[in-house]
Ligand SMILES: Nc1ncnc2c1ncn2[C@@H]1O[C@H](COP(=O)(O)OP(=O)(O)OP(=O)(O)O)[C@@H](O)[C@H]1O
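Okay, so here's just one chain, in structure tokens, the form predicted alone.
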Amino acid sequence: MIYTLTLNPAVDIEYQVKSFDLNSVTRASSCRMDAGGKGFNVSRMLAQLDMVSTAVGFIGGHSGARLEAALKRQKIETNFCDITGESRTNVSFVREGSSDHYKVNDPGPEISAFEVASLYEKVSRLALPGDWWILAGSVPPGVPLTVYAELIRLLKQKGAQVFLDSSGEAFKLACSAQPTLIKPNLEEAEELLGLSKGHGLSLKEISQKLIQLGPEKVVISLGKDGACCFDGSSLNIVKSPNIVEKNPVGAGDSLVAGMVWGLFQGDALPIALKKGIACGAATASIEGTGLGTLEQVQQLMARVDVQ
């Protein structure tokens, strides 16, 4: 089974606008609501790839009910921990016909110690050997920054594989728990290692230093240039195909979904990353908060270069 865990999910609302004008009324040409949060985005892309996943995390209030309903409409299984607070709402404004956008993220509701304990209990009950768990996104208020590290230790004791995609102090602490795979972008990797600008290290040297923090394998996303993967000995760079980018929001989460799609089926890391790059490119080529389709991904894979 594949599980995606989202500690701080959100109702994502996107408005398409003609221009960003300060101190004036702007009328949107369209509005779209999606179940947001990095883990949910991964589940949504997996559904596009005809892969079954179960979404786990905290939800609460009217917004939480909207999130669960939106996921179920996409035939995504759910197994949530209910909280007393209201799940957050994020708002994006995207300029029509371009990838220019503003995005404002709500910090999220306060989570109690009892609610955190209920999450650990749920994960312990669900996890089985051979499962893939994607732990993704920010840590909401009230949740200790050690949460990902504790979850990784718990999941590895159960024999599950763990893909971590987060940032900041919680991400750094989690690396010491030896997740199967991490996926920072280049800036996050440099921040994680405390590297100054102009450090001069190669991608392989950066990857080696990340491995020393604890993870078994590393993927570093490079934006429009693709990504690289490192298994402790060899580095592969996977170039992204040329596309007409319409909205990059969510492309990184689609990359994670594509990789899990491959890894769950036994692909080697570079081949899984090739699938991930194709998924990210497919999503980036879609207007609004839409996701790439399986057909688009399969077409793009033929144009993905593995070095």
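What you see is a predicted model, and the numbers here were worked out from it, not measured in a lab. Numbers follow the displayed sequence, beginning with 1.
One more form of this protein should be noted, the form predicted together with this ligand, which is absent from this view; the next part is about it.
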### Query
At the 4.5 Å heavy atom threshold, is A281 in contact with this ligand in the model of the complex?
yes
### Query
Should I182 be classed as touching this ligand in the model of the complex when contacts are defined as heavy atoms within 4.5 Å?
no
### Task
Could you confirm whether P144 comes within 4.5 Å of this ligand in the model of the complex, counting heavy atoms only?
no
### Query
Might P109 be said to contact this ligand in the model of the complex, defining contact as any heavy atom within 4.5 Å?
no
### Task
Quick one: from A174, L71, V123, A227, grab the residue that has a heavy atom within 4.5 Å of this ligand in the model of the complex.
A227
### Query
Which one of L46, L263, I59, A251 is close to this ligand in the model of the complex, taking close to mean a heavy atom within 4.5 Å?
A251
### Message
Just to confirm the contact call: exactly one of 59-67, 263-271, 235-243, 24-32 touches this ligand in the model of the complex at a 4.5 Å heavy atom cutoff, so which is it?
### Response
235-243
### Message
Where, within 37-53, is there a heavy atom within 4.5 Å of this ligand in the model of the complex? Residue list please.
### Response
K38
